[in-house]
Ligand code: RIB
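Coming up is one lone chain in structure tokens, specifically the form predicted on its own.
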Amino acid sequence: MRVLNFGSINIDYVYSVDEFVKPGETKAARSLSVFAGGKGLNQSLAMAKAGLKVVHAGKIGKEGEFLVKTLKDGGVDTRLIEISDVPTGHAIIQVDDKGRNCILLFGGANQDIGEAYIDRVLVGFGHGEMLILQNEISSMSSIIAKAKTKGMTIVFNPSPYSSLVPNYPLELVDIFIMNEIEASGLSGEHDPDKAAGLLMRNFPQALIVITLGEAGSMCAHKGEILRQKAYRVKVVDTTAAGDTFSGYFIAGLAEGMDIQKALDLAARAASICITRKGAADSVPWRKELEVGDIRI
């Protein structure tokens, strides 16, 4: 199955710190690393490394051409990526001694997605093909609506969550993949189980996946909730864990796996990701899951 990811492409500036910077504080970082990133780019790499045929659409500035090479090297079709007059989107990421991260995001060219470009991207896609979306690009409502009229299956990761999300045509979404914060924002419930129940009622047509960090993940669908444990590993950097999980879960479903097996595949991939530094560079290849020494 061919998958279209209409998503963000970023440059990630990752600073290693002992603790996150507090309001009013000036702190010296231990190191700076520059990586390819963006939730869209990360998820495209995860899907491609999992074995899917992935086409990525999105925009970069002139200084972001190395990001296209990163996608190509990972097996992603990049022919639909265009160069914008706006600078490439970027993120400033702090990673602390516990492997946690906090991220400041600048949208840049990711926010230069207009109607004409959307039409150019979607012209070659249709019924039965999957569209993957995150909340880091502009014109989201238009993309969802136009893709649905073409019969595409819509997968939406509402990250980063914003007040705009409830205004999107979410009734057209077939699969939601989100973390606890995004689930709370969309449902108004802080407890993941209550959030899952409410989201099932509000979006009965959709399969809803909620990632829970160290507690694993859950999937709510047609009145049933499935649960997946997280694999225990030494955490180095969690930056692209959610994107790796999303990409591998989508790959599992596209291959015809049942939901539980797809959740397990995604959990294995995410567990490898968090043992490595960086975003795109930390996404594992499928063969690594087959030989890895992972234990629950």
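Just so it is clear, the structure is predicted and the values come from calculations on it, not from any experiment. Note that residue numbering begins at 1 and tracks the sequence as displayed.
Missing here is the form predicted together with alpha-D-ribofuranose; even so, the following discussion is about that form.
- Here the chain stands alone, but in the predicted complex its contact with alpha-D-ribofuranose, taken as any heavy atom within 4.5 Å, falls in 103-111 among 103-111, 214-222, 195-203, 122-130.
- In the predicted complex, residue 39 approaches alpha-D-ribofuranose with a heavy atom inside 4.5 Å.
- Interface membership of residue 279, defined by any non-hydrogen atom within 4.5 Å of alpha-D-ribofuranose in the predicted complex, is confirmed.
- Remark: residue 175 does not count among the residues lining alpha-D-ribofuranose in the predicted complex, judged by a heavy atom distance of 4.5 Å or less.
- Remark: residue 45 does not count among the residues lining alpha-D-ribofuranose in the predicted complex, judged by a heavy atom distance of 4.5 Å or less.
- This chain appears without its partner; in the predicted complex, the one residue of 170, 140, 91, 186 with a heavy atom within 4.5 Å of alpha-D-ribofuranose is 91.
- Contacts between stretch 233-270 and alpha-D-ribofuranose, counted in the predicted complex as any heavy atom lying within 4.5 Å, involve 239, 240, 243, listed in sequence order.
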